[in-house]
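Below you will find one chain, with nothing else, as structure tokens; this is the form predicted on its own, and questions on how it binds or moves follow later.
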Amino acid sequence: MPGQDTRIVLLGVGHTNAHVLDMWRREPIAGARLVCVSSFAEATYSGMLPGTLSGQYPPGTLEIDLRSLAQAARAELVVEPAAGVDVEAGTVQFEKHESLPFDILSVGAGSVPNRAGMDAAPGAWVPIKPMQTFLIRLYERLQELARQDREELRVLVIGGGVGGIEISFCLPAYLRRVLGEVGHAITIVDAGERIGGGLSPRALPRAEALLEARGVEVITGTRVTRVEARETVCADGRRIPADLVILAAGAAPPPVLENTALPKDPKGFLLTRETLQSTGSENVFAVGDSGTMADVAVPKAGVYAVRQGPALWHNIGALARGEPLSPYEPQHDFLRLLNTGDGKALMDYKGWAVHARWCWRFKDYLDSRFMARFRVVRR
């Protein structure tokens, strides 16, 4: 392993790599330099997106200012989309930037919505990711629709996972802020037999009942094939009228992973050992949605990305110093808190399901505490 002047590169600064940048600010690794690569100058915290939609947080609350954080950490920040990784040469490739060499690389480039089998007319849908531009793109689409004469706004959310459910809960408040008291109807469509994958047997019926009480229609067991300007076509021939279509489908690998010659799982994510190192290179880590542990099934959920942070920080330091690495042990269960957009949250934990205001306050406390770690106070 390289000694002095070890160049450590973070490709993507999502939940896991952001922990490394924050720890570097507090206690940098001796004899090493840190370079961060990001498509945007801000990183977004997905846990606060629903609250931002519902107006519980002002715009910008869910953003981490990477320029300020990198400056405080004395790290270099390259704001440019990466095109791929040349593992043999030890470089990150770009289309408009010169190649960036690395000795240790942590790939945390996240994921993109799964568009497999779907296409859309230009501007016909609003994908959740990249999350940095979601609110801008959503606002622009609503402004287009506002210029059209309609009695009711028909909204379709593609993807009935926890993310799609939270958006359906919190979007009405955003619609009122942008469009006024316009009538709207929200529909969730999902290819599975039931929405809310990962929710417990107690929490899922509560989530379904809350959606029904708010008039949200749920369509399952059918896959969207095409999104058009006024309607969405499904594989079974069904046509769902929709003016605003939000793509919140499951995770697919970003393009940078396609151009990285390392072992992948069947979906295209990088396979890793229990140390979070790629199974094809000890100098490359893959974390968050970008990585899939070869021997353990871990959902593509932000809570796992957050929990991987300390393990990644330890192992990057150990690798740089030539010390033994430690395994990351994912938790078997975790606390889920779904923002229902009404000052309450649905808590799902160890078989318990509670919908209450204190659950929202607890979620707000956890999310705010997480984000406070990355706030840089300018002197």
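Here the structure is a predicted model, which means the values were calculated and not measured. In case it trips you up, residue 1 is the first one in the sequence shown, and so on.
Beyond what is shown, the protein has a form predicted in complex with a small molecule; the following relates to that form.
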The small molecule isn't shown here, but in the model of the complex, which of 126-134, 273-281, 144-152, 190-198 has heavy atoms within 4.5 Å of it?
-> 126-134
Report yes if any heavy atom of V13 sits within 4.5 Å of a heavy atom of the small molecule in the model of the complex; otherwise report no.
-> yes
Touches the small molecule in the model of the complex: K363 (any heavy atom, 4.5 Å) = yes
Is G163 close to the small molecule in the model of the complex, meaning a heavy atom pair under 4.5 Å apart or at it?
-> yes
Using a 4.5 Å heavy atom cut-off, state whether L69 contacts the small molecule in the model of the complex.
-> no
All three of T6, A32 and E98 touching the small molecule in the model of the complex at 4.5 Å, heavy atom to heavy atom?
-> no
Considering the small molecule in the model of the complex, which of V245, A207, V287, V224 comes within 4.5 Å of it through any heavy atom?
-> V287
Report the residue, out of N315, T52, S46, T340, that has at least one non-hydrogen atom within 4.5 angstroms of the small molecule in the model of the complex.
-> S46
